[in-house]
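Only one chain comes next, encoded as structure tokens, the form predicted on its own.
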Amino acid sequence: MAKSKPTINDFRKRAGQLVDIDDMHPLPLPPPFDKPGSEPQIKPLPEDGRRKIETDLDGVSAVRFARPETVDQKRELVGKFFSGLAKLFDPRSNWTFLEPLFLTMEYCVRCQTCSAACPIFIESGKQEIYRPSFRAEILRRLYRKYVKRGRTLPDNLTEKEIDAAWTMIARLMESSYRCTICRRCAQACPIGADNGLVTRELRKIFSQEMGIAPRALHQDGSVQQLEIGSSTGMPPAAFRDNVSFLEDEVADRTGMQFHWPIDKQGAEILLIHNAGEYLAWPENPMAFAIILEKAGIDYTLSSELAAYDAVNYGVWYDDIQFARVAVRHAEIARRLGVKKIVIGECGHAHKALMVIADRILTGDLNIPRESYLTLLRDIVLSSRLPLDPSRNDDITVTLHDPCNMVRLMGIVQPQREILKAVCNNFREMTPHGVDNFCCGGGSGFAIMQDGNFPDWRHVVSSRAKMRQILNVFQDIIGPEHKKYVCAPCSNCKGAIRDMFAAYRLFETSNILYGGLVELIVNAMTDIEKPFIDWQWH
């Protein structure tokens, strides 16, 4: 029997799992996934797993945090949480987002405009725990009860009170990883309250104060990037080997033989890709190299630790890790003496290095940063490449707008100007531009692969994007038509790749996904063979 909708008070008091997977009723999808059993399901975790890790929010685990076994362990965790809560509203501790967080806590009027804008809440069948204001209201009550009144957590809590407090905190921990931080809610709010920011700041308490973060983001992400050179685990020597291999690939596929510049002093541009491109989508850095070589752009790559990986996972969960990576990127650019940094197809890298890093990069570290989109737009529209859009005529193309480039930064037109110059069959999704839907993999979700969290992502957080893709191609949804989702962001491509695999979308509907630069090279008239190898996929 389905439980009643959980309330804020239930978050602390109701025992067991608040929402059962079987009680979730996501909105139906359009054809060919409109029949029962035609889409993936969220598989329950094994009973042993549910006993060992915290899953009492909805039976899904993103953080994979082991349940504390003793009252003392719970007491310590509860104390650390409340210590972090106080620091969150201390201007000496929260140097990034204190003002917008304070405004969100003080001035939200609970109008629920944010809920109507949230794809996770809507597509889940309006599950109350996924409502943007739900977790924000929990934090707001804690803020008003403790921080605003200058109160601290009593030392003499009973065992029952400690259990209740930890139950609330554990659910809040998982709840902070049920939001992609796409910030459609903030855009829709009439007063600018930012419930996406609340999610991120909650994660910061868990990471910076309690040492709790998904392994994919922290240990395998931020830590590995700084220690080894990349969140992919690729060290500098392997990066150089990859570049050498891709130089040969470019020669085989296009006949162009040239070396990619690495560690060149005094270049105009330092280009930094998401390192995942070199391993998962090598055609992307290959296309970049072809375009920049043909256009005569003075640029360089770097083989220094972290400088060949634009990733900065700290932007999702931890100010300290964020600052370490951002400063590292700027230091290397300064040592190379470049005039500016250009960031490749990676949305969260744009947000990290171009927006938030402005708070910490001062003096000679404040090197100009630019999106690859404006650079490519200038190259394409200046006729520096021999382009014929009819070379893409056998493909119908649509565009996914990455949240961090488009909604956050307002980069809307350059990619469209490029697509219209290289594609005759381009159609927009609905909605698009700053009103787009997240790929479902934002805020780190695309790289979090443990347990049944990927199932939840495919069925819930990526559902709005899946619906958009199906709808934009609905009149040609059959496998006889080639269809291409241009996703000019590495993180988005990861989420879309996994979503396509879960739904077998390429096999059933002949829809391929990829970046923007591949379409540009595919339209170049002096490259004989098509660059996008449909048959290979």
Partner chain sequence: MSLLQLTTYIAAVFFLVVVILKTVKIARMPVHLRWDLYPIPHEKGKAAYGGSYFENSSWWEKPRLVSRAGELREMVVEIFSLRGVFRNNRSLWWFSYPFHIGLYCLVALIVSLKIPVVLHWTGMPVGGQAPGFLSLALQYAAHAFAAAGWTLTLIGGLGLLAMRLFKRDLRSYSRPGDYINLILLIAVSGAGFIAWVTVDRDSHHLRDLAHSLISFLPAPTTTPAATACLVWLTDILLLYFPFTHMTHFIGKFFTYHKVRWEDTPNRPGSLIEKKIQQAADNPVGWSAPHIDPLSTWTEASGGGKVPDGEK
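Because the structure is a prediction, the values reported are computed rather than measured. Numbering follows the first chain given and starts at 1.
From this point on, the text means the form predicted in complex with the partner chain, which you will not see here.
Among R183, R171, H348, K465, the residue placing a heavy atom within 4.5 Å of the partner chain in the predicted bound form is R183. The listed set H218, H458, K74, K264 contains one residue whose heavy atoms approach the partner chain in the predicted bound form to within 4.5 Å, identified as H218. For N284, no non-hydrogen atom is located within 4.5 Å of the partner chain in the predicted bound form, even though that partner is not displayed. In the predicted bound form, the partner chain stays beyond 4.5 Å of every heavy atom belonging to S124. The partner chain is not shown here, but in the predicted bound form it comes within 4.5 Å of a heavy atom of T113. In the predicted bound form, none of the heavy atoms of N312 sits within 4.5 Å of a heavy atom of the partner chain. Shown alone, this chain has one stretch from 450-458, 368-376, 384-392, 157-165 that lies within 4.5 Å of the partner chain in the predicted bound form by heavy atoms: 368-376. Although the partner chain is not shown here, in the predicted bound form the stretch 325-349 places heavy atoms of V327, R328, E331, I332, R335, K340 within 4.5 Å of it, in sequence order.
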